[in-house]
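The chain that follows stands alone, in the form predicted on its own, written as structure tokens.
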């Protein structure tokens, strides 16, 4: 049944309303972050980003340890997640038998939708001891002369947080890569097989064709990793240190906010300081998402 002209106008009006509502909400969040955080930037300026002190008693705040912790854990996560996400996407699209693919994809999507507190609890009581006993301690004992492994590890630290983040973002990134892999032109594979290429060579060609989608998925996953809060707060150590080793305890911006906000109202500048950290996190996440969307658009234009 064809829609009436009046129905189409109502439909477009609803679309426009919700579109502008979303834009207004995002703009309102950005304005709120800038407005509430402005006192801390007016007091310290760029020093707020470069200082490593967090002392509510003296109202002395610096976000550098949390910023470095965010960057370090996210870097660990994306380095581990990249090969795992691509491998999972290829395995579920090419290797596993057809009758098991839907089950495999459902499990992967379920992992992406699990609440982060479940990952945090599992990471604290299962993952952290395993990493500590079988990875971190051997690396420290045999390669401790390398600065990255110089700190004697505890079960909860930046490395544990990075590995946990990698596990959390693998299904998210893999789902994007998997959909792009499935959407690759079948003629491309047929042409490759027709000239005698092996499945491995065809897979490499297909991955090269969808490399923009791979970058998009990884950047979007990186944005999620930078903003993860509960799971990271449970395993990162929560100490405002400048990290010098992968095994140092530390903070991320999100875990700092989660741990400090209950007492923030008792201090004059802590609320603006937390909002200042949130503003930096918002900007970093916005940049990551814009880069990811840029690569998504490249994929759409190519297809």
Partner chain sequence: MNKRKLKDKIMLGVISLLAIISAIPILMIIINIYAEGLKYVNLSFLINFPPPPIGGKVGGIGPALVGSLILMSLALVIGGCIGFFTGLYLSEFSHTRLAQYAQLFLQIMVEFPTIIIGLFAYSILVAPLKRFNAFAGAFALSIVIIPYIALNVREAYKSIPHSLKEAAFSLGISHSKVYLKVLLSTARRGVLTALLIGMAKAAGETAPLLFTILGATFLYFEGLDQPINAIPLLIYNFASSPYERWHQVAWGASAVLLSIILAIFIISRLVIKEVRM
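Think of the rigid core as the biggest set of C-alphas that the two forms share within 1.5 Å after superposition. Everything numeric in this text was worked out from a predicted model, so none of it was measured. Residue numbers count along the first chain shown, from 1.
One more form of this protein, predicted in complex with its partner chain, exists but is not displayed; see below.
**Q** Go through 205, 184, 139, 230 and name the one with a heavy atom inside 4.5 Å of its partner chain in the predicted complex.
**A** In short, 230.
**Q** Heavy atom within 4.5 Å of its partner chain in the predicted complex: which of 133, 194, 106, 75?
**A** Looking at 133, 194, 106, 75 one by one, just 106 meets the 4.5 Å heavy-atom criterion.
**Q** Answer yes or no: in the predicted complex, does its partner chain come within 4.5 Å of a heavy atom in every one of 34, 58 and 214?
**A** Verified in the predicted complex; spot residues all out of contact, no.
**Q** Please identify, from 274-282, 61-69, 37-45, 241-249, the stretch that has a heavy atom within 4.5 Å of its partner chain in the predicted complex.
**A** Only one stretch qualifies here: 274-282.
**Q** Although the partner isn't part of this model, could you tell me whether residue 152 comes within 4.5 Å of its partner chain in the predicted complex, counting any heavy atom of the residue?
**A** The answer is no: residue 152 has no heavy atom within 4.5 Å of its partner chain.
**Q** Residue 297: heavy atom within 4.5 Å of its partner chain in the predicted complex?
**A** Answer yes; at least one heavy atom of residue 297 falls within 4.5 Å of its partner chain in the predicted complex.
**Q** Under a 4.5 Å heavy atom criterion, is residue 91 part of the interface with its partner chain in the predicted complex?
**A** Yes, contact at 4.5 Å.
**Q** Does the 4.5 Å heavy atom contact test between residue 209 and its partner chain in the predicted complex come out positive?
**A** Residue 209 lies outside the contact set for its partner chain.
**Q** Taking its partner chain in the predicted complex, which residues along 177-206 bring a heavy atom to within 4.5 Å of it?
**A** The stretch 177-206, when checked against its partner chain in the predicted complex, contributes 196, 197, 198, 199, 200, 201, 204 at the 4.5 Å heavy-atom cut-off.
**Q** Superpose on the rigid core, then tell me if the C-alpha of residue 15 is displaced by 2 angstroms or more between this form and the one not shown.
**A** Yes, shifts by 2 Å or more.
**Q** Is residue 24 displaced by at least 2 Å at its C-alpha between this form and the one not shown when the rigid core is overlaid?
**A** True for residue 24: a C-alpha shift of 2 Å or more.
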